[in-house]
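Next up is one chain by itself, shown in structure tokens, the form predicted on its own.
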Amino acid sequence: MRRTIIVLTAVALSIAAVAANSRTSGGATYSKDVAPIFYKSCAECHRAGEAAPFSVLSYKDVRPWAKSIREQVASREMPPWHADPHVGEFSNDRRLSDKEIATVTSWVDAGAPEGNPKDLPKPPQFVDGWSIGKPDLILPMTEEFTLEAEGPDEYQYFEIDPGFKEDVYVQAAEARPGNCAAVHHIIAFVQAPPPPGRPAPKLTKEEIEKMRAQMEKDAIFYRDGFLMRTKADAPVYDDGCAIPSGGGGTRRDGGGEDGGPGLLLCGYAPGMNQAVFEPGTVKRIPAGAKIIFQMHYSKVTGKVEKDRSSVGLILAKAPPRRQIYTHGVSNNYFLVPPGAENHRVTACWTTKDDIRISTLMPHMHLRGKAMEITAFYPDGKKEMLLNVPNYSFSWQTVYYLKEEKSIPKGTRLMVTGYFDNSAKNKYNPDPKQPVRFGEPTYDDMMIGWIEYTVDKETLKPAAALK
């Protein structure tokens, strides 16, 4: 009897081995077929130290997630890409081809075999902690910040003096949170020094307080703790294009209408890809400038958290030719009614120069549903530059155009956002409340970020870094 059991067991093992070998030899394996796909399209986020829940760089880490991977890949939820494929072409398009999807799904259906480890391609190389590569310069917050365990979100601002004695030209920049559990987003701005010969006016404490009170009275925003929100009695303009300001917006250099905080250098947010510019195209940090960190902290862990975030810079190694600007086309006056499923809001900006657009980025909060960016040219023609029909707050994607888009002077750029403030929106904090522009995620925003260069501007070759 014992011999019979042994024989039957051996036969069963042999059959299983033959079946496994058959699947490995005839079908897709991780080592030969799937790893190249994961390395190319997934490893940027799915690796040790990043926000994704597992790494795709080894079979051991991937195998327990095989069924989930199949579901996410087959539904095209992963890799995440929310732009309409029929509008524009983007160099950072993460979508997998039909063939790649079929390879991954058939691999999982066959039992997710590893295959021969010798077939593995060379894994992609990453600098620990930085997606742009090893920075030439790292600028951390000057001190660690302590976030209390409970309470509403906080926007905190920190000033860093990099000590630049001459203009610095940045080829790539990345904002890096010191504590991902506490940091919702980072925006790093460049605050230029005051013009020479124009010293800051000396005001008394009473004069400063009076000026501040008047500014707050005139503004549509009020301060709620550490957050800026829209006043309840502020005027409502859902069609921002119908008012002279276009809806609010920001200046060409990224600064607000009140004059600050300044040039947008780089940012960090869930799912955001980092700022890497074409050779010769740079962002300029003037001599004597300060770097301002706008930090959005969320109290989600239920305990005291500490953070010291940083910005990493890769400096231009060749003479810079063009300076890149960031402009936010924003509507600050909208109101989304309670229960509205598809509320439309617009904002407009007309360019005063011939420009070339390189990137586009929609930004909304939890009620954000969709966004379009359309160009209305001086000759009467119009063209949609970006359509995001299924916006996700969890993926703050910057869309890099494959080829820069030439936009003639006088073109009106319209941003159209759609909001779902109904109970059907599973992310909606409270469908019974009207929603206005504000910093906390339970308020909302409607901004189309545009990065571009100005045709008539050329940086002098002598300005290259030494």
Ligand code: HEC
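Every value quoted in this text rests on a predicted model; they were computed, and no experiment measured them. For every residue, the number given is its place in the sequence shown, counted from 1.
Only in words, not in the display: the form predicted together with this ligand, which the text now covers.
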**Message:** Please tell me whether any heavy atom belonging to residue 44 falls inside 4.5 Å of a heavy atom of this ligand, as the geometry stands in the model of the complex.
**Reply:** yes
**Message:** Against this ligand in the model of the complex, would residue 321 count as a contact residue? Criterion: heavy atoms within 4.5 Å.
**Reply:** no
**Asked** Looking in the model of the complex, any heavy atom of residue 68 within 4.5 Å of this ligand?
**Response** yes
**Asked** Does at least one non-hydrogen atom of residue 285 fall within 4.5 angstroms of this ligand in the model of the complex?
**Response** no
**Message:** Between 329, 147, 78, 313, only one gets a heavy atom within 4.5 angstroms of this ligand in the model of the complex; which residue is that?
**Reply:** 78
**Prompt:** From the list 30, 399, 38, 418, which entry has a heavy atom within 4.5 Å of this ligand in the model of the complex?
**Reply:** 38
**Item:** Partner-proximal stretch of 366-374, 139-147, 79-87, 178-186 relative to this ligand in the model of the complex, 4.5 angstroms, heavy atom
**Value:** 79-87
**Message:** Where, within 96-113, is there a heavy atom within 4.5 Å of this ligand in the model of the complex? Residue list please.
**Reply:** 96
